[in-house]
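Shown here is one chain on its own, the form predicted on its own, set out as structure tokens.
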Amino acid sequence: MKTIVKMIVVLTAISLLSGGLLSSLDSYTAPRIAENRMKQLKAAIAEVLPKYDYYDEFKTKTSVIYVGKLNGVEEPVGLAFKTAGNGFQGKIVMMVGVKPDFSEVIKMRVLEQVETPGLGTKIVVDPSNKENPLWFPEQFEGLILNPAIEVIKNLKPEKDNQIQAIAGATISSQAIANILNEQIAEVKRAYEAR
């Protein structure tokens, strides 16, 4: 009986010590993690918007819209927002820049994804395309948003609202188009209702 009590006391002491150590490490690393996330967010905004001097934040029920502006100019140069949705294997997180009138995409960048390695991961970079490994995300630059984004297979886009699907990863390609079609419409409604 004494052995069991000793084991319980030792295990409790180890658990309390470990928990305290983890808690103190969290309080030490949390500000650094927040700072790095803010740097990544600012870099993503800068990547999807044209040149701007500052941005204002406009919060909606579901997202934050970053309105890029130039000093002394009232009209924004573009709007950026972070969006997410389901891909083939999991969540795809993107930063999207659109023109202030929501007529076209300025740029789109995938920030996080867990798609199939070698296939779905081509939504970020396609190492098999030696000429232009960024061909897939670059298709969104200047993409017209009305009518909605359309995904085509095995053909080059013929219309200003079309993108070419990644061979073998059509579901990931279509997922991005669906996320953008849905979220851009939602952000547009929220921004215009402000």
Partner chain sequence: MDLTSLVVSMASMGGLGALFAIGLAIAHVKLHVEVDPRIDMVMGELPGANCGGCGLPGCSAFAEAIVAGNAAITGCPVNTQDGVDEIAGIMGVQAEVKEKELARVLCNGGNAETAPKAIYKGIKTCLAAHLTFGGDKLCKYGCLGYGDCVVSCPFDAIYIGDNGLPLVDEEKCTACGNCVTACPRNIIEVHPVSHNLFVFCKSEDEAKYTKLTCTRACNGCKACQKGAGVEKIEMVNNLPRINYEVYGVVDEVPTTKCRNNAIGLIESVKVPVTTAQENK
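In this text, all values refer to a predicted model and were calculated from it rather than measured experimentally. Numbering follows the first chain given and starts at 1. Note that the rigid core is defined as the largest set of C-alphas that superpose within 1.5 Å between two forms.
One more form of this protein should be noted, the form predicted together with its partner chain, which is absent from this view; the next part is about it.
Think of it this way: in the model of the complex, its partner chain has a heavy atom of just one of Asn154, Ser27, Asn146, Asn132 within 4.5 Å, and the residue is Ser27. At the 4.5 Å threshold, heavy atoms of Ile4 reach its partner chain in the model of the complex.
Proximity of Ala193 to its partner chain in the model of the complex: non-hydrogen atoms within 4.5 Å are absent; the residue sits far from the partner. Taking a 4.5 Å heavy atom cutoff to its partner chain in the model of the complex, the contacting residues in 11-30 are Leu11, Thr12, Ser15, Leu16, Ser18, Gly19, Gly20, Ser23, Ser24, Ser27. Put the two forms on the same core and the Cα of Tyr54 is off by less than 2 Å between the shown form and the other one. Relative to the superposed core, Ser27 undergoes a Cα shift of 2 Å or more between the shown form and the other one.
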